[in-house]
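Only one chain comes next, encoded as structure tokens, the form predicted alone.
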């Protein structure tokens, strides 16, 4: 059973396809992260689901009910059972926390006692109990985000949409709120579509990831599947640090790397991809460094310390490779290092 389904959704602006024939299934109780660069159509897709925009083509269903079809909005936004948290939270500055959360309940005509009961339950769920009398300007960014989340949950939505809702927080708060959203989602059995341009955030929060580029849905799958088995050059580049190897007979470095990587190819589902030209992607963590020169030897040209790991730039002939090692694997710039390729994945060229 599906919680929501998008079939062949398209939306144009000024003749350009912002969302181009997108189909996607959303399962009950999952967090689906939609990722991609700025302008790829992520937010437009979310607004189409919410009913804030009218699709040119395709249909949208939630909980078995058709909301949009054949270019028409059949169910208005306020009757869709969908809630949305925006990037700027959109809290009422002149309302306190209680009034902000209770607002949709009051508009729906809930009794005062029901409003009070629901708000108290939500304050408990988002860990803001005792702060109901504060105003938005008296709250931290993380606390404002929790208020916006509680308000979105007030009417027990069938689907919760998060539009870059963590992007205004600093790194520490983003990590904290990712964990909070996952906790609340589990406790309340929520179904969430979370839009972000941050692939690390997507991998940390989601059950599945949908990758978009130029209005198209490039790949949808479990987090590990999308990361380990990218189907396209774009997905390989976007989802983590990858070294792309092309079958280039005019480059001695490329040919040597291809020769070493080709036997290590892994492919999702055991089904080889049929395409030309072939490209192999090698994740930075799948290149192993050794301080003893080996069959492949390169020069360390740059070291970037990340705390839990170290990122190196390794020069091999005329190629620069990105290599990520544990923090205790220490090499100096200018040092010669042997390296081996542990895994590679075949992907489809973007062109």
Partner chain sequence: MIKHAYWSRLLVIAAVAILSATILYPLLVLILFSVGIGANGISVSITAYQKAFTDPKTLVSIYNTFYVAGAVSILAILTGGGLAWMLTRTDLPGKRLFKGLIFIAYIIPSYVMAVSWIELLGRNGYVNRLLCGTWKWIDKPIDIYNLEGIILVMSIHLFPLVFITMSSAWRMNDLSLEKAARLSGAGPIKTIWTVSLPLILPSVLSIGLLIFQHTMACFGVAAVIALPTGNYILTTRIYSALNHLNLPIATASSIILLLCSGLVFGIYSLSLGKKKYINVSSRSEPPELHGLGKWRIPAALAVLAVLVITTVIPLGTIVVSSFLKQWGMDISLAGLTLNNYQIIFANGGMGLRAIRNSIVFGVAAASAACAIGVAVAWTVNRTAFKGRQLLEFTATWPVAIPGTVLAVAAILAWINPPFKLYGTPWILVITYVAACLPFAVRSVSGSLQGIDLELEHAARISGASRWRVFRDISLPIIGPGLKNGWIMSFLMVLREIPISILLYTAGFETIGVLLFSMRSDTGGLEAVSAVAVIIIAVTLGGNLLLERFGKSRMEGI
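Numbering follows the first chain given and starts at 1. Here the structure is a predicted model, which means the values were calculated and not measured. We call the rigid core whatever largest set of C-alpha positions still superposes within 1.5 Å between the two forms.
What comes next is about the form predicted together with the partner chain, which does not appear here.
> Using a 4.5 Å heavy atom cut-off, which residue among 253, 155, 260, 131 comes into contact with the partner chain in the predicted bound form?
For this set of options, the contacting one is 155.
> Given that the partner chain is left out here, which of 193, 122, 205, 82 has a heavy atom within 4.5 Å of it in the predicted bound form?
So the residue touching the partner chain in the predicted bound form, by this definition, is 82.
> Heavy atoms within 4.5 Å of the partner chain in the predicted bound form: which of the stretches 245-253, 103-111, 193-201, 212-220 has them?
One stretch meets the cut-off, namely 103-111.
> Check for me whether the partner chain, as it appears in the predicted bound form, comes within 4.5 angstroms of all of 76, 87 and 91 - heavy atoms only.
Verified in the predicted bound form; spot residues all in contact, yes.
> Under a 4.5 Å heavy atom criterion, is residue 151 part of the interface with the partner chain in the predicted bound form?
Answer yes; at least one heavy atom of residue 151 falls within 4.5 Å of the partner chain in the predicted bound form.
> Since only the chain is shown here, I'm wondering whether residue 26 would be in contact with the partner chain in the predicted bound form (any heavy atom pair within 4.5 Å).
Answer no; every heavy atom of residue 26 is more than 4.5 Å from the partner chain in the predicted bound form.
> May I ask you to check whether residue 321 falls inside a 4.5 Å heavy atom distance of the partner chain in the predicted bound form?
Because no heavy atom of residue 321 falls inside 4.5 Å of the partner chain in the predicted bound form, the answer is no.
> Test of understanding: in the predicted bound form, would residue 59 fall inside 4.5 Å of the partner chain by heavy atoms?
Close contact is absent here: in the predicted bound form, residue 59 is far from the partner chain, nothing within 4.5 Å, heavy atoms only.
> After superposing the rigid core, is the C-alpha displacement of residue 133 2 Å or more between the shown form and the other one?
Yes, the C-alpha moves 2 Å or more.
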